[in-house]
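Below you'll find only one chain, the form predicted on its own, shown as C-alpha cells.
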C-alpha cells in the first residue's frame, strides 16, 4: 500500500537553499562585525588601562586626570632615563640650578587631559540642552498643533534628510553662520549651537514618535474635563512621552560627544593656557574656545610624529573618552527606566 506524502513536510528547493545561504551569510557578517568591534574595544581597554591605571596606590594615574596636555621631555640624569612634563622639567632645572639639559621632546605626550574632559562635558551638556528644548518644542507643534498638509509633509521630509547630512557639512555651516556672520569666533557658544543643530533632526523625529505613542484617550479625557490644549499636553502627554524623548537624547549624546569635524571648525583649540572658568568676566565663559577629547585624539593621532609616547596618550584618551560617553549614556538609560516604571498606563 502506497503511503501519501505529507503536504506539510519540509522540502528542499533552490529557493529555500538560497534563503538559507543568504541568512547564513548575514549571520556570519553580523558576527564578524561584532568580533571586529570587540577587538577594537578590547585593544583600547587593554592599552588605555596601562595609561590610566598604575600598579601602586592610589592605582589611578592622577596626573593624567588633573593636568593639562604638555610636551614630554626625555633625558638622562645620573645614569637613569627620566621622563618629565614641560612644567616639571622647568622646575627640575631650576631646583638643580642647571641652565640646559640635553633632552628629546615629544609634543602632547605628557601631562593629562583634564581640560579635554571638561570641554567635552560642557559641549555635550550645552548642545543637548539646546537640542532638547528646540527639538521637543518642534515635536510638540508637529504632533499636537499642526494639521496634515503638503507643507508639513515637506518639513518632515527635510528633517529626515538633515539627519543624513555629514557632520563636516554642519561644521562648515556653523563656521559660516556662528563664527563668521554672528562674530562669535571659535567659542563654546558656536560649538553648542552647531552640535545642537546637528542632532536636532534625531531629537525631533524621536520626540514626535514618543508623543504619538501616547494614547489618544489621554488627550480626549483631559479635554472633556475642561482642560486647555496646552494643559492637556503638559500634564497628560509630555510626562508619558519623556522615556521616549530620553531615548533620542541618548542617541544625541553619543553623536555629539564623538564628533570631531564640527568642533574643529567652531569650538576647539589644540592648546589653551587656561581652563574655561578662568575668565575675567562671566560672559567670556560662553565666547572662548575649549579643548575636547575627540579633537585631542585626532591631534595626537595624525598631526604630530608618532612614537611610543604619543601612542600611550592616544589610547589613554580614547579609554577615558569611551568611559565618559558610557557614563553619560548610562545615566540617561537609568533615568528612562525609572520613569517608565513610574509612568505606566
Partner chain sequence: MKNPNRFDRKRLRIDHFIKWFFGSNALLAIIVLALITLFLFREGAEFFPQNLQNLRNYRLAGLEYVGLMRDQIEAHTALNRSLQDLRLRQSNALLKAGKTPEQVTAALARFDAFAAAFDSSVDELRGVISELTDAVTEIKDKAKLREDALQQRKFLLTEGKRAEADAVPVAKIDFAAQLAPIKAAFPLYQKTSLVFRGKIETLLLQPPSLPVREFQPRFEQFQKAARAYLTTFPATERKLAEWNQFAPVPWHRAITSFLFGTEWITNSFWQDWYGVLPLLTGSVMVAVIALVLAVPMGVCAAIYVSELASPVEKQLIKPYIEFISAIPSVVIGFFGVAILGEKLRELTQWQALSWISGFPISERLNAFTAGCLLALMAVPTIFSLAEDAINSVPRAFKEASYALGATRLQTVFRVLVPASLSGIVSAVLLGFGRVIGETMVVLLCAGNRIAIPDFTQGVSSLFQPVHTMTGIVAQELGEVPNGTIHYRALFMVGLLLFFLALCINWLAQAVVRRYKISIG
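Worth saying up front: this structure is predicted, and the values here are computed from it rather than measured. Only the largest set of C-alpha atoms that superpose within 1.5 Å between the two forms is called the rigid core. Positions refer to the first chain, counted from 1.
Absent from the display: the form predicted in complex with the partner chain. The rest refers to it.
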item	value
is_contact(residue 170, the partner chain) in the predicted complex, heavy atom dist at most 4.5 Å	yes
Partner proximity in the predicted complex: residue 186 to the partner chain, non-hydrogen atom cutoff 4.5 Å	no
Contact label in the predicted complex: residue 200 to the partner chain, heavy atom within 4.5 Å	yes
Contact flag, residue 138 vs the partner chain in the predicted complex, heavy atom cut 4.5 Å	yes
Region of this chain that lies against the partner chain in the predicted complex, out of 65 to 73, 51 to 59, 279 to 287, 316 to 324 [heavy atom, 4.5 Å]	316 to 324
Option touching the partner chain, based on a heavy atom within 4.5 Å in the predicted complex, out of 121, 159, 242, 114	159
The single option of 82, 91, 101, 176 touching the partner chain in the predicted complex, heavy atom within 4.5 Å	176
Contacts with the partner chain in the predicted complex, stretch 233 to 260 (heavy atom within 4.5 Å)	258, 260
Large Cα shift (2 Å or above) at residue 30 between this form and the one not shown, core-fitted	yes
Distance direction in the predicted complex for the C-alpha atoms of residue 330 and residue 37, relative to the displayed form (3 angstroms or more)	closer
Note on residue 166-residue 26 C-alpha separation in the predicted complex, which departs from the shown form by 3 angstroms or more	farther
